[in-house]
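A single chain, nothing else alongside it, follows as structure tokens in the form predicted on its own.
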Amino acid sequence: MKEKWRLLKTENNTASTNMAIDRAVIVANSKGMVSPTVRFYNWEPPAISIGYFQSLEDEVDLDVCRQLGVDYVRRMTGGGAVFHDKELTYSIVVPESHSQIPKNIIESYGRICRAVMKGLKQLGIESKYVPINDIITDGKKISGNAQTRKTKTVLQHGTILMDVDVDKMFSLLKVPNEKIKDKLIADVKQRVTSIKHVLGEEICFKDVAEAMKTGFEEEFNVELIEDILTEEEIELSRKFEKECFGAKDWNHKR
């Protein structure tokens, strides 16, 4: 009999709420309160997330964010600044000790990314894993991923680009040398793609989520049962949002 994991679909949350939910699920899972959890979500309004070690002021033009109504947040995970707009974001939370998760970090990245690749295949998109944390199709990046391990629990989250607006993204990010900005934009347009660009049509969030559900079920040989956050997780996420992800001290701390 297949193991049952939990599936959460939490659409249209702010950046700080999204990151607070991820952390709440880690805590709940580490205490044995919930089963391994896969979550699909998006960002409302659009947002920039920066890596844990980055400086918000150095990376993001906060004035342009305010003008365009774009949110921002510091992640728990490392990596670079990411513009979240037309995408499906997934997170997976599993105990480190779980037999499905390799102990080796690179191998665990690859295993989880294979679930995303199987989801893309459901949509008719062949893709390839490029260590440590990218998924590419036709030589272009369609998914970026990041992982952290806390309290003996693995969290990996990543983006599946449904569409991409590189010009808007660069208007929000600070570029060290304005003279090379146009070249950087051209380079990124050559290196990044989306479901819409590959298939030539828009696929809605619901359909991408259904494809990803199948991908995760196939890769991990589990059944994903749709559920909602527990009361404890909701309380925790509110606490984490207030004290951390929605707080100036956290987001501006470097």
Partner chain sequence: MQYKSVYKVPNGKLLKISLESDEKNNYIESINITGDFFAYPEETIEVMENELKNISLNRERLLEKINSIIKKYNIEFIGLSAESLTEGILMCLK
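Positions refer to the first chain, counted from 1. Computed from a predicted structure; not experimentally measured.
Although not depicted, the form predicted in complex with the partner chain is the subject of the following passage.
In the predicted complex, at least one heavy atom of G80 sits within 4.5 Å of the partner chain. Contact between K4 and the partner chain in the predicted complex is not found at the 4.5 Å heavy atom cutoff.
Heavy atoms of S30 never reach within 4.5 Å of the partner chain in the predicted complex, leaving it off the interface. The closest non-hydrogen atom of Q54 lies within 4.5 Å of the partner chain in the predicted complex.
Taken together, the three residues E59, I132 and K150 all come within 4.5 Å of the partner chain in the predicted complex, as judged by their closest heavy atom.
Of the candidates V116, V93, L161, A146, A146 is the one whose heavy atoms come within 4.5 Å of the partner chain in the predicted complex; the others do not. Of the candidate stretches 162 to 170, 178 to 186, 82 to 90, 102 to 110, only 102 to 110 contains residues with a heavy atom within 4.5 Å of the partner chain in the predicted complex. Taking a 4.5 Å heavy atom cutoff to the partner chain in the predicted complex, the contacting residues in 229 to 254 are K253, R254.
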